[in-house]
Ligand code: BES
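Taking the form predicted on its own, here's one chain by itself in structure tokens.
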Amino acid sequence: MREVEVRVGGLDAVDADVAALVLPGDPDLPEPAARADGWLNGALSRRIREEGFKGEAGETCLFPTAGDRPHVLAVGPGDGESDDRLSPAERLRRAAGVAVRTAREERAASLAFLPDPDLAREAGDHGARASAEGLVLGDWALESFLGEEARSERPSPPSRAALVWPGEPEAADRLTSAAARGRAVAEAQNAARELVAGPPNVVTPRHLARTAGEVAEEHDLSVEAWGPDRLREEGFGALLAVARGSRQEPRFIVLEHDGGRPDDRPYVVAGKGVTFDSGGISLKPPKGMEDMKFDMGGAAAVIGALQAVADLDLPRRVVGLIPAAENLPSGTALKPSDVVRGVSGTSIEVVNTDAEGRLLLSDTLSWARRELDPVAAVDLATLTGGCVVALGHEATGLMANDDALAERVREAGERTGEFTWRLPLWPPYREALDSDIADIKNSAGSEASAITAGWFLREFVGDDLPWVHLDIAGTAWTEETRPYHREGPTGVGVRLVVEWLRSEE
């Protein structure tokens, strides 16, 4: 979306093809819905009384108008009680996503989004930020690989949108600032979605490094991308082992936002970057393997988060780390029963080559601990199918060695609508990773697999580095259309990480 502006007022402030009114299913209409009902000769209130519109979450009803007046789109926010996770801001974020998708389907060139006054007051400035996020996120669709004819047949998104907020004119600057922050984060999240959706013959480790370089140049970040020679020098034996089966060279990408004082210790955000995961010698079944291009969702989230951190100019030193490789079978590929050593020097028995993401992250976290001395580290990874079995597609699995950090990350997820659920890293789970011939093995089998994968990573951060692991295997993409997500990648983690970093003292 090329333009999102904020206006304070009611229908008089609307200059758009469609005015989307967020309405609970109450026939006693507040302004500006009451005025719109007058335009419609009472059709809106009649529809509500007759229960043709109940105000349920995601519900829509379009009322065409005559003359120069905008068409009226009623959008339901839900009652906030049937799903009490949802804050007022998240309800507005979802309603905005539904509104912009509906406007696109109606081929509207412009959209005005008007929240219910009570909901807007309850959400405050965060509601304006969340609404802007919903408008930008709901507008995204992957079209870069379509031909001109196919692209021309699809409805174009609205070229501009306005948030028309109830309140006094003096609030306009504050609300505009909040919406601008939301737009910056959502655009970064859409960039992450674009990366994840790209085909694996395009989105290779080299491509991730080039993209990181372009983001760094455009958003004033510093960047390095290491190839095999530097990786050998630094001792990245686990990352190099995963990459052995592919002709695509691995990369280790370091993105940095230096927003703090020169001597500040950094916050580290790491993301798994397996650009295609066949499983290696432990080959995955053919069905669904095409989705394994999504296995770099953590890497994309790190690039998106660093872009947003730079755009918001957060007063933090933040380092994004991305280990990138393909995991393919060949005569040179990593084999089950191989033993490898990485940055930490720990010997790892590889009992399953499809448990490769944790090998990449073991080197990454060990290097960060050794070289950067971070304040805290958060990693994001499409790590285990076990997390999908445990939590489905509604929540990201969270594991941590520090309760206070875990709670701050969880709260950031609550505020941004990127929900997490903490899983236990109890000592008995670690015993399942004991190896007869090495310090640790990389897989403990199917039982509690998300937790034992988290325990494997914990071995490489120790007790002195506060650390959170986010298993986004179930939340990095969706197989159904959701309020502000089309079927496909979600870019999950961008909003959560930025909010966590923003709120750190």
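Note that residue numbering follows the sequence shown and begins at 1. Given the structure is predicted, the values throughout are model-derived calculations rather than measurements.
This next part talks about the form predicted together with the named molecule, which is not shown.
The partner is absent here; in the predicted bound form, the one residue of Glu234, Asp354, Asp79, Asp258 having a heavy atom within 4.5 Å of the named molecule is Asp354. Out of the listed residues Pro336, Gly385, Pro200, Gly167, Gly385 is the one that sits within 4.5 Å of the named molecule in the predicted bound form by at least one heavy atom.
Just one listed stretch, out of 366-374, 110-118, 192-200, 272-280, contacts the named molecule in the predicted bound form at the 4.5 Å heavy atom level, and that stretch is 272-280. In the predicted bound form, no heavy atom of Trp140 sits within 4.5 Å of the named molecule. Pro64 falls outside the set of residues with a heavy atom inside 4.5 Å of the named molecule in the predicted bound form. In the predicted bound form, the named molecule sits within 4.5 Å of a heavy atom of Gly445.
The named molecule is not shown here, and in the predicted bound form it never comes within 4.5 Å of any heavy atom of Arg94. Interface residues of 290-305, taken as those with a heavy atom within 4.5 Å of the named molecule in the predicted bound form (partner not displayed): Met292, Phe294, Asp295, in sequence order.
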